[in-house]
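Only one chain is included here, represented as structure tokens and corresponding to the form predicted alone.
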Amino acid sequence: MANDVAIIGIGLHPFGRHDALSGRAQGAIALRAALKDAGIGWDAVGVAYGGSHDAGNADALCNDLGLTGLPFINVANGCATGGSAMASAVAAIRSGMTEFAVAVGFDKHPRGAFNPHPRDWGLPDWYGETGLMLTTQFFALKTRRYMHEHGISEESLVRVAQRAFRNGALNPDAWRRREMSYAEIAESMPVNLPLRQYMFCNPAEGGAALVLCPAEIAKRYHPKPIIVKAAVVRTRHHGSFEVFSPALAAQQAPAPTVAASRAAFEQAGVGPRDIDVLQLQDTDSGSEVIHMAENGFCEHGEQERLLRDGDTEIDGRLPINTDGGCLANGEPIGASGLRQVIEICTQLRQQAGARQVPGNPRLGYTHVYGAPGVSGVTILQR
């Protein structure tokens, strides 16, 4: 594409718990790192898109980086906030609006599960009174239904988590850096069955940032720019069963992930078999299993074999969540989608160290999913 966009700077503040730092401070650290990686100053940035759910307005970063007068747009799209910020930055550059754009996110969530208020999402009180606003319950119900329909056993849920913690142990920036045995995960405390304690990610803290520019000038600023072949966001259709859906439709529609994935592959001119390394939203083990098929990387029901045979390991044919994903890193909503992109950039740059995917990967894929049914997909090329 003549107006391709490149990522020339990446910056990450490790996810986890950082009592001495505000969420915004973690975002500022990540943004400064991304600017340094790109070799430009904050005053060169023409537009910024950023998001935070619990740590204040993202545009307050201007107080830390400098009041240059640039347009800074706050983004709020659930767990898809980071992907939405990046897609907006890509669109701004493609439109000719600016030469340099930033996508940034940070957060600092309180401990415990997300438990939002029904009325904030257009839902009646009864939805919360039944416990479904506590998202662990929704994801457990959705996973149970999916397992029943497609012949998936609890073994797959355990294997997803086991691989996540194994990869996280290789990632110096991960929060959870201890490998866990199959038995530890399979016998951990039930939360909402079939999902157990170590099958869920934790709300967390952290910051992540990207600097982007037109691909034609990218090598002036970084020796290994990463080309954005697609950056797509899609929302739900009537009949899809998503977070905060109050009922199942008589005729079910495909999830927004399906629409986003298909649009991204079409935009990039590639298919699932061309992807060398990928990131999938793993709010919990069940969600990753579902997303493997919804993104087109296997048929529904094939996940169990792929997981058992090691296809999704770092040295497998379909390496998933090589940095440990949300399960090992936690999920600060504003930053999580950008962490995915940073991991793919690190892999494509051949800078991932002990978790590096072999074979000189060329194409990477990221997928985020957020309430109340929003999905963002990017396809990146070395």
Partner chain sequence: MSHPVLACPDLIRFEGDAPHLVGSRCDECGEVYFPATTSCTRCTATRMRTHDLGRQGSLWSWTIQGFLPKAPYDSGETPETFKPYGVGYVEMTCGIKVESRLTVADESRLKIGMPLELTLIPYRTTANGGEVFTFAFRPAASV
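Residue numbers count along the first chain shown, from 1. In this text, all values refer to a predicted model and were calculated from it rather than measured experimentally.
Below, we refer to the form predicted in complex with the partner chain, which is not included among the displayed structures.
- Annotated contact segment (heavy atom within 4.5 Å of the partner chain in the model of the complex): 238-246, selected among 87-95, 221-229, 238-246, 292-300.
- When the partner chain is considered in the model of the complex, only one residue from Arg177, His150, Arg144, Arg234 comes within 4.5 Å through any heavy atom, namely Arg144.
- For the options Gly310, Pro190, Pro272, Pro71, the one in contact with the partner chain in the model of the complex, meaning a heavy atom within 4.5 Å, is Pro190.
- Mapping the unseen interface onto this chain, Gly131 counts among the residues with a heavy atom inside 4.5 Å of the partner chain in the model of the complex.
- Though the partner is left out of this view, His117 does reach within 4.5 Å of the partner chain in the model of the complex, counting heavy atoms only.
- At a distance threshold of 4.5 angstroms between non-hydrogen atoms, Gln267 is out of contact with the partner chain in the model of the complex.
- Contact annotation for Tyr127: at least one heavy atom lies within 4.5 Å of the partner chain in the model of the complex.
- For the three marked residues, Val211, Gln347 and Gln350, no heavy atom of any sits within 4.5 Å of the partner chain in the model of the complex.
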